[in-house]
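Okay, so we've got the same protein chain twice, two forms, each given alone as structure tokens, structure 1 and structure 2.
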Structure 1
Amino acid sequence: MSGMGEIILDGKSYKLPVLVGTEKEKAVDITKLRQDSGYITLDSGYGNTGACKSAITFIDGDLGILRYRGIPIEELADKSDFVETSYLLIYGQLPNRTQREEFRNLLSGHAMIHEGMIKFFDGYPTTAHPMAILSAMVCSLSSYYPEHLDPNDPTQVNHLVPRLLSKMRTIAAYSYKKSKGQPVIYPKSDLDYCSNFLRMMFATPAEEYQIDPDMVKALNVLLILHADHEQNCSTSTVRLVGSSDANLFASIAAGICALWGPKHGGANQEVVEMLELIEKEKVPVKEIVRRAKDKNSGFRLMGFGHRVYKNFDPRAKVIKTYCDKLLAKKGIKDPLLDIAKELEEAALSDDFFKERKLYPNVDFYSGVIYRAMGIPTDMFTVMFALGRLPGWIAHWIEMHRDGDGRIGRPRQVYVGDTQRPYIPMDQRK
């Protein structure tokens, strides 16, 4: 606590504690406001309401800053990999050499899923969305660890964390194989996390899969950039579900479902679908920019601007560099990628976009690079979930370790009918 604030309601003064975070963020603690005054606050979408204190991720949207446990995202993307970054988010510190190798070995050793679970995939039609399969299968994992589901037992939680991190990757790859009607490819314990995933996605029994180090690096960067983003919709969902003491698998499955929505995890898919429409209709980029600036056109330019960042999205800066390098090195030719680059250049040179700080965000570039890697559009949100998993786990653990133990229970302002009588059926109009 760092002092007191004051609010006057109905002529009466109420003292409220003021908290200041380590990055000088200020908050008024209204925990006892309803108890003392009878009032609640109303904040649609919780855009101005803090639901917790957290030491995991810091964002400054005005300055374009993103840090995991204090480390800038730019440094992690350049120097780390996804496994090490996951350890950092979940356990609070970068691992030493021994800890890192032990963690990698745990992930390699737990990559397989129970053979009985593979039969579950046969129950889904080939038209099933991979996110539907992913959420159901992650929740089903709880059936295989009934003795390790107590969220308040650190030993049980530590038992599950590497298993979930590793097995969700396998489930994601298998869900793709199911959609393609191809046989699943079992993981190999001698491959690193991202190499293993790419092999399970794209290898076939007919030929040996060649690991492309450029693709592995690009995937590591993409997953790191998506690993956490403080109290977003899906992370808040994981915390809310977890507050009921639901087990880790159930809480993560709920987060996957929240991420599935196009306003959240589906944004990069919408970018590519927009580019496909532009290419199909042969609309000049200048016309697209004109429509985007006309509020009456009904057209929305996807992948530009961000609710949090009022400056350039720091993740977009990183991913643009890797996107340009990968496309140039691989000599990838794709009309959608050409449209994306032309659209980016046109928007960045237009005063309308610059004045409103509508810069390309991480969704714009991630959709482009995933397409270049050969990952299909309906798998984009699954890739987002795979990247966000360590952040979800970190917040779930932090909530149980540092929270007050209260179940999440938002209030409401009721605006329905006041008391009225029950009308018998023969008297209803």
Structure 2
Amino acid sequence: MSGMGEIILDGKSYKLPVLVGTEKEKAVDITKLRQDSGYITLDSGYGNTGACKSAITFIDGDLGILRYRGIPIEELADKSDFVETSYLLIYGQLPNRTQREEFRNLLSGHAMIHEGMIKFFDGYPTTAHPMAILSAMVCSLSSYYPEHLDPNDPTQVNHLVPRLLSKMRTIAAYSYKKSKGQPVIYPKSDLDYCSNFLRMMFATPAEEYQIDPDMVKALNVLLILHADHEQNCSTSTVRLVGSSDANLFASIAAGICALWGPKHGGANQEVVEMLELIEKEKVPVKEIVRRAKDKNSGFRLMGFGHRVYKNFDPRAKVIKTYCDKLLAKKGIKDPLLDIAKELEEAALSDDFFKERKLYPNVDFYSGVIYRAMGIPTDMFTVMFALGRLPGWIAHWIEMHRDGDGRIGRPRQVYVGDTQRPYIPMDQRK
């Protein structure tokens, strides 16, 4: 707590506690506002409303800063890997050697899913979107752990965490194989998280997959950069669903559905589809910028803009650098990368984008790297979900451990009809 603020309503003064966070974020605590004054606050899109206190991720949208448990993402992308970063987010500290080995072994040892679950895939059309499959399968995982579903028992939750992290990766790869009409490739417990994923995606019974360390490193970097982002739409969904004491699998499945939206994680698929259309129809970049500025066009420059970043999304900077390095090293020429760079340059020199502080976000370049890995466009949001999973888990655990245990239930301002009588059918117009 850091003192008191004051609000005057109907000429009456109300004192409200003021909170200042470790990075100087200031908040007025309105917990008692309605009971004291009868007023609630209204904040469409929650742009000004803090839902909780959290110690997991810090973002400074003006300076373009993003840190997980205080560590800059640039350092983690360079020096860590996804499994270690997942441990950091979930348990709050970087693991020591023993902890890291134990965590890795847990993930490797629990990579397989129940044989019965593999049959679920056969019910889907090959055209089913993998996000639909992922959310359904993750929720269905709860059926296999009936004795570990109490969200308020840390032992039960800890039993689930490595299993969910590892199995969601396996489910993602299996959904791709099924969409191709190929047999699933079982995980190998002697492979690390990312190598296992790429092998399960691209190996076939007819030929082994040659693990490419450059692709493994690039995948680790992408997953690290997507691992958390404080109270974004899908993480807030996981917290809200979790606040009803729904189990971990159900809460994460809800987060997957929220992430699917094109305004959120679905944007990475939309970016590449936009770039492919520009390339196919040879639409001039300045025409794209014009459409993006025209409210009546119904077109938005996907991968641009952000609720919090009013400067470069630091993740976009790292991804763009890795994109250049990886494609150059592999000798890959992707015309979509050139179009993306041209679009970025055109938009960032245009007053419409500059005035609104619209910069490339995490989704603008990520798809180009996924394409270089051979990952199909409709799997891009699944990749985002795999990356975001440790962040969702960390917030869900933090909410149960440090929250006040109350179910999330926002208020509203009612603007509908005031009381009126029921009208019998023969009197209706």
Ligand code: SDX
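For the two forms, the rigid core is made up of the largest set of C-alpha atoms that agree within 1.5 Å on superposition. Residue numbering: structure 1 sequence, from 1. Treat the numbers as computed from the prediction; the structure is a model and nothing was measured.
Chemist: Quick one: identify the form predicted in complex with this ligand, either 1 or 2.
Modeler: It is the second structure (the form predicted in complex with this ligand) rather than the first.
Chemist: Comparing between structures 1 and 2 on the rigid core, is the C-alpha shift at Gly305 2 Å or larger?
Modeler: Superposed on the core, Gly305 moves its C-alpha 2 Å or more between structures 1 and 2.
Chemist: After fitting the rigid core, is the C-alpha of Met215 off by 2 Å or more between structures 1 and 2?
Modeler: Shift of 2 Å or more: no.
Chemist: Classify Lys263 as shifted (yes) or not shifted (no) between structures 1 and 2, where shifted means its C-alpha moves by 2 Å or more with the rigid core superposed.
Modeler: Shift of 2 Å or more: no.
Chemist: In Å, how large is the C-alpha displacement of Phe353 between structures 1 and 2 after the rigid core is aligned?
Modeler: With the rigid core fitted, the alpha carbon of Phe353 is displaced 4.9 Å between structures 1 and 2.
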